[in-house]
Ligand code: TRP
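Here we start with a single chain on its own, the form predicted on its own, put down as structure tokens.
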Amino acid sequence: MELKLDPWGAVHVDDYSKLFEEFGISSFEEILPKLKDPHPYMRRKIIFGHRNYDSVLKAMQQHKPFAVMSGFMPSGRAHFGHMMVMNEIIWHQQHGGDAFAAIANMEAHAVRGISWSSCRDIGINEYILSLIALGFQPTGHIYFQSENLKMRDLAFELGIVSNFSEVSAIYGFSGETHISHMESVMAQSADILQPQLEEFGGPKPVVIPVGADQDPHIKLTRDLAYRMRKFLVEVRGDYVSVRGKAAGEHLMRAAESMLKDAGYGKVKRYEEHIDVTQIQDREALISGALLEEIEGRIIKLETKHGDFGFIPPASIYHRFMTGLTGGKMSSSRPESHIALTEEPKEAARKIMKAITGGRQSLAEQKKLGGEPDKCSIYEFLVFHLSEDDKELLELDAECRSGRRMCGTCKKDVAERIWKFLSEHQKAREAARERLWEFGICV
């Protein structure tokens, strides 16, 4: 069966390796050894894939500017699945990234029919308070889409290089799809590219932490970033070619002059491209360092002349949490998730009723052992409630051997959930007094 990623539908992925083959997502395992201080999600392979995260990692390691951005649609209660994105934003902020969090009220209003006032109430009381309580710092940017005029102006610009046929093909839109739904797609692309605007320091690597169902937004935005560029820089054999995708005569002359002044080699301008041949630093050409340097100079040239110079955004993808009732954890099914504002007593009740990876009977469990990789209870420990990798390995072994019963696990996780939510909700109340630090007016 063909796998389709739908940002607004119910997506359950049984085999994440299919995403590498069908959608061109790269495995995160190749990145992991390069990280000195990986987030537990990375270490535990919860973050399983990426697009171009190498660029963000390099900026992080070299202490150069980079950003992290993601958003939350205020259509329901924030739950532990949403907390994964919050934690990933905060981790990148702690590692030097300029952090952006959008409350996608335009999307919620257009796609879900949520009123503007409800979007604001849900956005603040469900998402923003929890984000701050988890550690998001005021150096970052939290905003509502409808109130961000810079982002909306950018969305308008992106609409110029998009068309109905393309957007319809990506998202499955039909003639019945209303225009505002399509506009919300452009708003999301503008959200993703906004950290590269001049007021935020200009073009830089930006990572978007998302679930795999959001990949259509990432792919579209990467394409749009490319289309907004005036030049394409590429290595062709033993020389570098700077191709004028949409550069006029004035910009071509400026690029030619810049390349000559840089002294990389012989520079010759043609009608639609500029070639740098007889390159002096062959090692830099072979390693890719020269391409990166010329690309950086071209980007600066574009922005100097009033263009955007966008770098295609990077992304990381995390596994979906299994719902307590099976399938994907969903905001629209209260029994499938535990909200961050859930009464601790109610959360514990849900845990005790949840589907596990256990067998049909106690005798069968002791004989065959459990299946922790299919257990929503064990997932809570792996994703959120245990900081000890050794403990998780021991619990996994005990479950598979039949020495540990589901009731024991449920009771343990229910107690941890109770403790976590009690502490988190106190932190949320403290965060309410700090909303002004983030420019949020209640």
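All figures in this text were calculated on a predicted structure; none of them were measured in a lab. When you see a residue number, it is the position in the sequence shown, counting from 1.
What follows is about the form predicted together with the named molecule, which we do not show.
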Open item on the list: To test your reading of this chain, name the stretch in 157 to 165, 246 to 254, 323 to 331, 188 to 196 whose heavy atoms come within 4.5 Å of the named molecule in the predicted complex.
Closed with: 188 to 196
Task: Position in contact with the named molecule when the complex is considered in the predicted complex, options G370, G123, G71, P203, heavy atoms within 4.5 Å - done: G71
Task: S241, T341, N148, Q214 - the one with a heavy atom within 4.5 Å of the named molecule in the predicted complex - done: Q214
Open item on the list: With a cut-off of 4.5 Å between heavy atoms, is A347 one of the residues that contacts the named molecule in the predicted complex?
Closed with: no
- [ ] May I ask you to state whether I299 is within 4.5 Å of the named molecule in the predicted complex, using heavy atom distances?
- [x] no
TODO: Spell out, yes or no, whether the shortest heavy atom distance between I208 and the named molecule in the predicted complex is within 4.5 Å.
DONE: yes
Open item on the list: At 4.5 Å between heavy atoms, is C119 in contact with the named molecule in the predicted complex?
Closed with: no
